[in-house]
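Below sits a lone chain in structure tokens, taken as the form predicted alone.
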């Protein structure tokens, strides 16, 4: 149990670090002065010191919703695959439960954008709903396909099984699922080419438009939730598609786990530097590709056994 608590604490504490790492790598590749890796913590500390200002048109939803954006993500951390075999975990949680928790967090985030009664908040919320409607089915299909390959519907159990029995006979299904899940990571975390988390152009914003009227403690909660959400998706990706190191002692396994997330962050930074943001009406094409690959994963598993 102590290993599980340490694992959850590491995910929460280091979540802002990996988002700062992506920004630092991008700035270094663009020949700019690299961002300090602790910038994410500095930003959160600055927000905590600022005054909370709420729009006159906002209701009690704006005061409650930031906590409800963070709470489902903290709950989802309890269901993450373990980093070592000696770690306690919850093995019965399936794709629907995890996707439901993530969707619940997104729902309250959209409420924040709508409650401010601003045009940009409404635009951001409608765009987020548009993207989430395509992301969530794809995520359920991908995790379900991986669960079938691992012969266990539990997310944690499936990750452990993939570590001990790598699916050499189902590499086609496994590869299709990996491609689909990587696209979903970019979409659900508001990364390029779906969204630009660093934009200041109101007409192109998605996530930032929803939190445009937040400040102080409330904005800190939402930003912390965004970092934790990235850690959840990164943890699932490295647990399913880079399932090695789980047999090592806890500290070594934890170091391997963090190194894999850092490498994933490097890949995301490289893609963002070399890719332009898509027009909004072209986003369904990319997310449709993710859903197609998820279906191909299921079809190749059932019909071809590959």
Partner chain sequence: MFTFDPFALLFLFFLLLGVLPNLFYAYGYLDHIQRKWHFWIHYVAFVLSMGGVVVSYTPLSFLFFWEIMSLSSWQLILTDPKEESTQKAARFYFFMTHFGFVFLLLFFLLVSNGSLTLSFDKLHAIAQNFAYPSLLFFLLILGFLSKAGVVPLHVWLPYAHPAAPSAVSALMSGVMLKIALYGFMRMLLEVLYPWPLEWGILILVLGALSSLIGVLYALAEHDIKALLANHSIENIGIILLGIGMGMIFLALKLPMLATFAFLAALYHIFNHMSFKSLLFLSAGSVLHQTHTKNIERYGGLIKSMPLTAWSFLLAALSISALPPTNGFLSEWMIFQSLLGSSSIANMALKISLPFAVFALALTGGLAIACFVKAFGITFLGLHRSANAKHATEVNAFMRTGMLLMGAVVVGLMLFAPWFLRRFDAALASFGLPSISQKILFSWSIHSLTHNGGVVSPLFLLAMLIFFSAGLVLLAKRLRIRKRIFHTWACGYRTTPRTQYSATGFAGPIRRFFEWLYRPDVHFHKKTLAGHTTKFSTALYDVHIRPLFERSLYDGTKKLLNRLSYFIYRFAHFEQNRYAAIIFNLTLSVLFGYRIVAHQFSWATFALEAIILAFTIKILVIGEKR
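These numbers come from a predicted model, not from an experiment. Positions refer to the first chain, counted from 1.
What comes next is about the form predicted together with the partner chain, which is not displayed.
Asks: Can you say which of 26 to 34, 268 to 276, 46 to 54, 247 to 255 gets within 4.5 Å of the partner chain in the model of the complex, counting heavy atoms only?
Replies: Looking at the partner contacts, the answer comes out as 46 to 54.
Asks: Is it the case that residue 175, even though its partner is missing from this view, gets within 4.5 Å of the partner chain in the model of the complex, heavy atoms only?
Replies: Residue 175 lies outside the contact set for the partner chain.
Asks: According to a 4.5 angstroms non-hydrogen atom cut-off, is residue 61 in contact with the partner chain in the model of the complex?
Replies: Taking the distances in the model of the complex, the answer for residue 61 is yes, it comes within 4.5 Å of the partner chain.
Asks: So in the model of the complex, does residue 163 come within 4.5 Å of the partner chain, heavy atom to heavy atom?
Replies: Because no heavy atom of residue 163 falls inside 4.5 Å of the partner chain in the model of the complex, the answer is no.
Asks: Wondering, does residue 171 line up within 4.5 Å of the partner chain in the model of the complex on heavy atoms?
Replies: Contact check for residue 171: no, nothing within 4.5 Å of the partner chain in the model of the complex.
Asks: Judged by heavy atoms and a 4.5 Å cut-off, are 226, 232 and 241 together in contact with the partner chain in the model of the complex?
Replies: No, the whole trio is out of contact, none within 4.5 Å by any heavy atom.
Asks: Can you name the residues of 63 to 92 that have a heavy atom within 4.5 Å of the partner chain in the model of the complex?
Replies: Contacts from 63 to 92: 63, 64, 67, 68, 70, 71, 72, 74, 75, 78, 79, 90, 92.
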